[in-house]
Structure formats: structure tokens, C-alpha cells
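We've got the same protein chain twice here, in two forms, each standing alone as C-alpha cells: structure 1 and structure 2.
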Structure 1
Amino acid sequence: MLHLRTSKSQLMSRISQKFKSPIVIFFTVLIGILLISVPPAFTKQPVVLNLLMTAPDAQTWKQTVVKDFEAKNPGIRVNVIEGPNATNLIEDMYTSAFVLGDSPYDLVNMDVIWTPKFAAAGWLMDLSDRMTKEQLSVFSPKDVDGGRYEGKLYRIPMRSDVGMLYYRKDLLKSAGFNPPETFADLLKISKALKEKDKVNWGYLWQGKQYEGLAAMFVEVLQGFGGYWVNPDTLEVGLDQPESIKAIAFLQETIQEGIAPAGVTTYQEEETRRIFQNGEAAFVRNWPYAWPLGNADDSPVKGKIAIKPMVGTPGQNGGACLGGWGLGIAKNSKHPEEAWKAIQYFTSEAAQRKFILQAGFVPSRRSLFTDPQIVAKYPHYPEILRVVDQAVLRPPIAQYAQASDILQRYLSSALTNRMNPEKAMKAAAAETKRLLKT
């Protein structure tokens, strides 16, 4: 047997010297070509998958699921590219890369509201045939719906996020109140606690003109039985009576002093800080506020609880769905490796580790009640109740423009710059024109 260290040229020379016939020489040359054209296994470079995300998220990913995936798949490397902290800037970076036509990204980490835009533009690979109904059934149904566009699946949920109602369980208990179930209950309890000087404010919500205003409004709108845009028919419901009632409720919280007049300038952090300081009985916010509210230095540590947003009699409130998921860029040169990574990142074992270390909300239903996770995050079973009432912002390709329309007119109505009926009629008309184009 020839020594393994023998070079290709030496091997060809020895064979040709021993066998001089033309046939043998022909096969000697052929073997040489094959030896030259097929590189040794030990020189093969790993496939590199590029993935863009915010800098804080990037560190968490690198230290958990990416590290584990690469250890299990030595032939694949995931290059996590750290972008700006602002998610809208991440969206702009993805958009610019895709528009230029030579995107460097293989995996696409998407906010739920980006999926329709990216899919409609033809930037994402259709994943509909990659997973069966049974495989998808382990995820929250709304999280799966958030990855669809026009019946096709483009995004697999990695982590969920939902708006919910936080309340001071100690104050409600001492005053003899059960947690509210309707908007009327919320107003009643808020007024009573204010009159007893238990709190400065009853209910806080996000009223600034930005995406958080739209997220907050879809929950109230759902609670009154209304809708924004029907994605199947493209009907617009902003000028319907339910929408006007939803605005009237928000206005009443200001008029009755339940919410401060400045609430129309608040984002999540302003409302969280006031609630966490013990100045309010209720606040609408996202799951991230829970660990902050229960930190050792928090005045309301151990005094807060969560529940789904209230509604009207016979109508559940909504929980605006946020969250992130993974898709594959249409122009990726490594779709099979990218799919392998998605399968691992969204697996039960990977998500469990990711959640335990990062504290995110899972997309797999079983993990909300997983003993290991509940031991660390005892409120997760309650979050599952909220997730079950999740409502999507309209999954339409023109979502960003539709949201801008709603934000402008809703802000005008809430700050008394426009009559609510006129504002919503104008918002509906402009949205209809947008959808026709």
C-alpha cells in the first residue's frame, strides 16, 4: 500500500513508470485529473450562514443556540452580524440589502410585522412544504399565523411576545376587588383606588404616535369587537362604531383622570416606570416589564400580577402579538444548511436553553408549563393564557404605511385635534386607497 503522505504527482509518476502501455497511461492521466479535481476532505471549508440582528440579541444568540448548533454541526458556521439596537434600523438594513439584489444574509430574523412585506417583495423562501401540520401544532397558533402571507409559510417562530394587562394584586385585594374582566370594571376599580388615594393613576397605556400606539389600539379594538383590516377581504373597519367606542374608552381614561393627560406622549418605558414606582394600579405592557417590576429594588416587587387585556361583555380583549421568527433569504446559496439551523434553533431543547438564559417568551406551547422553566419563571403559565388571546396586526404587504395612517389619525383624535368620527373616516378612506394600489 502506498504511504498516505505520497503526493498526487508522485503517485502518478510511480504508476506511469511501472506500466508503460497507452491504456495504462490514459487511465493514469484520468486518475490524476480526478485526484486533482476532488479536494481532500480535510481541506473542505465549512458553510457560513449570515444572520443579522440587534447587538444585544446577538450576544445572547452567540452564547447559547449558535454555540450549541455549531458544536453539533461542525460543517456549518453561523456568522451573527451585530446591527443597531433599534429594530426599525435592522428592518432598513435588511430592506436595503434585498433591494440592491445581492443580500449577504442567509437566515432572516424577522419581527412579526415584517413578514408580509418581505414575502410580498419576493425576498423570502417559501417554507410551506418544510413542516407538516403536526410539526407546526407544537407552536402557538397565532405565532405560526404571523409567519404566513397569502396562505404560504415564510417564517418559523423562535420567540413570542404579547401585550398584557399588569395590575397591583395587593391593592385590589385590600379594596375587595377581583381582577377586571371588562373595560367598565377597569374604569370602576381605577376610580375607586384613586378616590382612596391608593394610587395617583388608574390605568396607563402607550399613546405616543409610534408603532406602540397601533399595537395598544388593536387590543382595545378587539375588546370592543372591531377590526383594523381584514387580510382576506381587505375590508377596513376603522370607521365602524366599534372603533369609535374604543377611542371613546381611551379618551375617558384621560377625561376622568384615570390616566394622565401626558399619556398621549408615553411609550412603554414611561408607563413602566410610573407603574413600577407604585403610582398606578394598571398598565398595559409587554412581558419584559415583569422581571423589572420584580427586581430587588422595585417598590412593587411581589405585588403585581398579569392577565389578558379586558374586553366587553361576551367579547374577549386582544393581546397584540409581537415576537420574532426565522426565514430563509430567497437568494441564499445555502438553503438546506439554513433550514437545518432553523430546525435546531426552534427545537424544544434549544428554545428551553435560550429561554432559561435570556428570559424571552417561548413560541412552543409546551415550554410555558415546562417544570424547569416554571421553576425560574413562575408567571409563564399566565403568559400562556395571554398568548391564547393573541391578535395579529394586519398581515398585509403595506403594513408599515397602514400603521402610519392609523397612528396619525388616532393620535389626532386622542389629543383632540380631530373629532374621532372624522379622524377614523379619514383613516379608513386613506387606508382603502393604499390597499387599492
Structure 2
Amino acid sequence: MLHLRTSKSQLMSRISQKFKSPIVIFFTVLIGILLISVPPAFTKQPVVLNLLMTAPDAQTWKQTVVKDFEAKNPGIRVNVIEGPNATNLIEDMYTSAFVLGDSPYDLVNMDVIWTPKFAAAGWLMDLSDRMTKEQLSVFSPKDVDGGRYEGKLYRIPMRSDVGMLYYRKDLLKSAGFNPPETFADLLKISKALKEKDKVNWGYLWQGKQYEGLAAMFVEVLQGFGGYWVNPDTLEVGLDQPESIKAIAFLQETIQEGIAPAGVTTYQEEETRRIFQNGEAAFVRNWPYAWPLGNADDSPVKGKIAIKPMVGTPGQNGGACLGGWGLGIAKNSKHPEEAWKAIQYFTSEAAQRKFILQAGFVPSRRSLFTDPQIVAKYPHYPEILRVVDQAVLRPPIAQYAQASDILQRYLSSALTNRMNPEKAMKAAAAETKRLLKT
């Protein structure tokens, strides 16, 4: 640029010596000044940050935080690339790009379960020095922990998430039922409402072989007092009696017609649509389903309530911690711009707007009791309590493989291709072998 400026001014002075008329000199100087003072922003292309995410998330991002960030930072553009709905498919896309090297992504929108794998593989920049303890203390500790690996920080939480039970408060009330506390209550109320022809289905859950199946199962398993992998001892609990009871409960919902047989092919969106259409009494889902269920065109608007998942007597229901955060790809050519974007996307103002639009769960604790947010989502103070008690899926570098093992055997058991005991024995043995490697 300096070299360019020098040659431009030399050129100007040569021209002005040749044409001595004052008017020519005036215009020459004016053009020279204009040439020299063109700000770099007009001569440079904006920096483009590539960011891949699930298609439903992408819409909200583009309409809210990306639009605002670009308006405040004209030199930076965020290119949101829309991927499939299932988190594990997005993970596969990031993984293949990183494995091939020279990935096109600058920002990495990461599910809470990916950090150990991505960090261990060396695909992420270490962000530990970018934030102080005080700056991190405003986020829910479990969301921050989900971004750590071997003591270093790789992901800043953008939003939290937690599995909840949705129910039709109008139907329960008119049939004289209190909200269920146990699996037995859930089955009983479901059967009664079905018998009265109030609904086609009692309880819907995510049964397809994908990550959502693992998240849903963690909750039922915890409700029965069981566990998947103990992250401290690496003990595997899948072949324990609690796990067999959890499968038996899910199977019973299908056998009794409380859930349709097709539930074993459903992801979150299929279950949400059926519930929102007024066809089911209960559904397990994440909080994003709340504003959609209460939208003006929703048949169940104003008729739904949300509560923590049920458990067994004396055992609280389980809550699976989900959530998404941002990291920077190790090979990004724009780490400073990427960090600027992360700071904005995880800021209080950006999160507030994002949440008011989409019903996602904040990662900043103050927003759970923020007057604007509580006015729209009165259940958020309770969701904070559930988030605090929620369980992380095993935070291990081999998580993707461990989850794949669970998904495969669980799906075989739920679709009657394998006996549950045999399936869980095999799942436990494979998981143990994996954890040894």
C-alpha cells in the first residue's frame, strides 16, 4: 500500500509539472487526494468466516446475530452453511473436512459432546488465554466444562440445552390428572387419555438411530438410576439391570400403542410436529419446541406446559445437557475476526435476541431471569435449575464411537431385532474395548 501511494503521488507530481494551468493543477491534486485517501475497506474484500450448522439453526442465526454482527463489522462477513438436521451428520462433515486438511471452516459451531474429540485431534485453537475466570463465570459452569479438554478451553458456549417433558395441560386438567412424576404415571395418564379418545398417542420420544436417541436414552437411564459411562472410572453401566428396565419402558410405550411403531424412526422434528398438531399428550424434546408450539398457527397454542423428565419413585428424572458453542478451526486464516465474531455471538445482547426469536436456552445465567425473556418464557427460571442438575454425555475423546455403539444396539433392541439383554451386553463389551484403546 505504501509503495502504491508513493507511486501514485509521484505520478501526480509529474502530471502537474506537465500541465501548469492552475485549474489543471487543482483537479490533479483533488484526484490525487482522492486516490490516496481511499480507505482500505473500499479497496479490500471483506474477510469471510465460514460456519457450518444444522439447517433449522441456520435460519435463526442468519436473521438475528449474523445480520447484527455484519452491520457492526462491515469488514467481516459470516457465511452460514446449512447442513443436515442431525448433529452427528454435521459432526461427520466437520470431521471429513478437518481430516482432509485445509478445511474451509473458520468458526466451528460445536455440539457440547464434540469438544474432547476435536481438541484431541488438534483441529481447534486453544482459547484458554482469551477469557478471564471472571468473564467465564457468567456462563453456566457445565456449559463451560463442555468446552474444555485436558484443562484447556476450546469452545465458548453460545447456548445451552436440556431435555424436558412437554405435556397437554388442558387435557390433563380436564381428565383430573396432576402432571406425571414417574414413568408409571406417564404410562397411566397416556393410556387414560387415549382410551377417552382425547389423543392418538400418549408419549413420543426420539427413537431413530442417531445422536438424539443417545440423548433421550441418557435421561430414561438416569431416571431408572443407571448410567452409561462413568467419566472418572470409565466403568460402563449399559449391561446393568437399570439399563434393561429403561429399554423395557420404551418398548412398553410401543407395545401399548402409547407411542406409534414409527417412533423408532423419529428425530426431534417428527415428534414435535405430531405433538404440535394436537395428536399426542406428551413429548420429550428440547426447549426450542416451546415457541413453535405456542405460535399463532399452532393448534396447541396456550395448551402446553413443560416440566423436568419423570423418574422412578425416589429417583429424580434425568436431564441430558445439550447445547452449542463456538470454537475456531486451527487452520483458519482469520482467527482474530473469528474471535471477534465469537465475542459478539456469545454476548448478552446477542444471546437475548437469539433466544427471544428461537426459544433456545441461554448459556449466560443472568438471561434465565431476564425480564424480557421471562415475559416470553415463564418456565426459564425452572429450566436453569434443570440445567444445573443435567448430566453431560460422557466427555471422552472417543464419544462419537461410544455413542455409535449405543445407538446401534439400542436401536436393534427397540426394533426387536435383538433381545435387550444380549444387545446391552454386546454394547457394554464393545464400549469397554473402545475405552481401553
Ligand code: GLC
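If you superpose the two forms and keep the largest set of C-alpha atoms that fall within 1.5 Å, you have the rigid core. Throughout, residue numbering runs from 1 along the sequence of structure 1. Everything numeric in this text was worked out from a predicted model, so none of it was measured.
Can you spot the form predicted in complex with the ligand among structures 1 and 2? Structure 2 is the matching one, since it is the form predicted in complex with the ligand.
Rigid core fitted, is the C-alpha displacement of residue 102 between the two structures 2 Å or more? Residue 102 C-alpha, core-superposed: shift of 2 Å or more.
Yes/no, residue 336 Cα shift of 2 Å or more between the two structures with rigid core fixed: Residue 336: C-alpha displaced by 2 Å or more between the two structures.
Note the number of degrees the smaller rigid part rotates with respect to the larger part between the two structures, based on C-alpha superposition. Rotation between the two rigid parts between the two structures amounts to 24 degrees.
After superposition on the rigid core, what is the displacement of the C-alpha atom of residue 142 between the two structures, in Å? It moves 3.1 Å at the C-alpha.
Cα of residue 58: shift between the two structures in Å, core-fitted? The alpha-carbon displacement, core-superposed, is 7.5 Å.
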